[in-house]
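Shown here is one chain on its own, the form predicted alone, set out as structure tokens.
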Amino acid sequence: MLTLPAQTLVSIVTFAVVVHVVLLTVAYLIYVERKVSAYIQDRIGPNRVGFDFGLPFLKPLRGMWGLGQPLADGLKFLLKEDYAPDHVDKGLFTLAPIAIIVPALIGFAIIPWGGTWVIEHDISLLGLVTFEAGPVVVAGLHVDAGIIYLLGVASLGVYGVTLGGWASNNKYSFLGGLRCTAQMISYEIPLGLSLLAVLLMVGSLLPTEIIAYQREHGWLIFSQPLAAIIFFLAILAEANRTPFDNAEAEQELVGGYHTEYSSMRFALFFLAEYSHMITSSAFFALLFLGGWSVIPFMNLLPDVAAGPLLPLVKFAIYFGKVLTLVVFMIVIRWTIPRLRFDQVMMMAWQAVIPLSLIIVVLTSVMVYLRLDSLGPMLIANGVLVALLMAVYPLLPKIQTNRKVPLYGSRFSPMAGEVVQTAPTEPAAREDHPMRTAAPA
């Protein structure tokens, strides 16, 4: 009989369960994004498709606030023609969606969703395999270099975008692939540096140790607020989310790197984007929000569980934080306009990367001086912000794409010209034009 540690069984089960939870969540995150955008734009959003499938005996399931819309969209993608233009590189064209979805679905393996669980009895599986009792971590992969694994997997996502843009043999797709490659490589630097600031304080690459540190010293978002902001900006750029969605930029590049895709190959790009959002939000919650810790500075849940109920509670808390961050990303998309691509790159190399380097140096000095507790670190971040505000006006200003006045326009009128921009018709100036124009 084969004997294995119980961690093997828990890792397999956790990974299989979380993959399906993420896929289901991705489907309904698209629904949530459509509803949030509708509310922000004063619309209703999806509200018709239920689960009746057009059958009379399922009439009570009709409507259901549009909760059947993700299922309808999935069926539509499955049934649409999988069309590939003649001029594409067929092999790489097919490989690109796979290359982007696989890293998105294996990156969260190191996340300790449910903390540590002590299995008290050996588990025998069909009399063939015995899993020895002992403490296990509720994660898909429990390794010492867990953070390094996640960084390595996350960096592979750029290959899918690059392959899709190049293999499509389309100028818009190629430009989108180039933009995404430059952007993701640029913002991986501040992402890694802000992560390094956290690891300098924690002193470990184990995700469980990062959570344990925050249980004892408080969530790191309070002692490293600047690193948290930079990390959040970086994960927005890594996931190609607004205001960093220049790789798609519908108004400029039609759809960017996925312009030529259709059917399920097109859907895989969207699945990967939302999966990356979930993984990066879980990473952010691990580093700065205490993982499954409920309230900062308070240990309401024990670190080690003796039964399966507490890991489920911890998973619900952790996943709730992840969903909150994803909804915040969605709200940002429908609130902030897209940055120009040159602004995105200049912000990375002239502001975000230098600031993240300063934060790493500052954290190193504070850790060396043993002043890495909450109060000194918060004061150090405040002093750094004050110095930045004082130095910023002294920096040279670069005038890019300066507006050229158009002589004779209403913004640059000719000498002696009186510009009238308001309407002159009384009905147009009335607050209630329909009431004013109504017949007596």
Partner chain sequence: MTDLASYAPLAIILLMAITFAVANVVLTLLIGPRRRGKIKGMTYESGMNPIGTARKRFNVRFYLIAMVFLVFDVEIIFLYPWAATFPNLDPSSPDALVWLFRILFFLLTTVVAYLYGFRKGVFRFD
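Positions refer to the first chain, counted from 1. Keep in mind that what you see is a predicted model, and the values were worked out from it rather than measured.
Omitted from view is the form predicted in complex with the partner chain, to which the following refers.
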- Contact test, all of 16, 109 and 353, partner the partner chain in the model of the complex, heavy atom 4.5 Å: yes
- Message: Considering non-hydrogen atoms and a 4.5 Å limit, does the partner chain approach residue 98 in the model of the complex?
- Response: yes
- Does the 4.5 Å heavy atom contact test between residue 270 and the partner chain in the model of the complex come out positive? no
- Message: in the model of the complex, does residue 302 come within 4.5 Å of the partner chain, counting heavy atoms only?
- Response: no
- Using 4.5 Å between non-hydrogen atoms, is residue 128 touching the partner chain in the model of the complex? no
- Query: Only one of 294, 229, 264, 313 has a non-hydrogen atom within 4.5 angstroms of the partner chain in the model of the complex; which is it?
  - Reply: 264
- Query: Looking at 334, 77, 222, 284, which is the one with a non-hydrogen atom within 4.5 Å of the partner chain in the model of the complex?
  - Reply: 77
- Item | Listed range touching the partner chain, judged in the model of the complex by heavy atoms within 4.5 Å, from 326-334, 305-313, 284-292, 356-364 | 356-364
- Message: Do any residues of 199-217 have a non-hydrogen atom within 4.5 angstroms of the partner chain in the model of the complex? If so, which ones, in sequence order?
- Response: 199, 200, 203, 204, 205
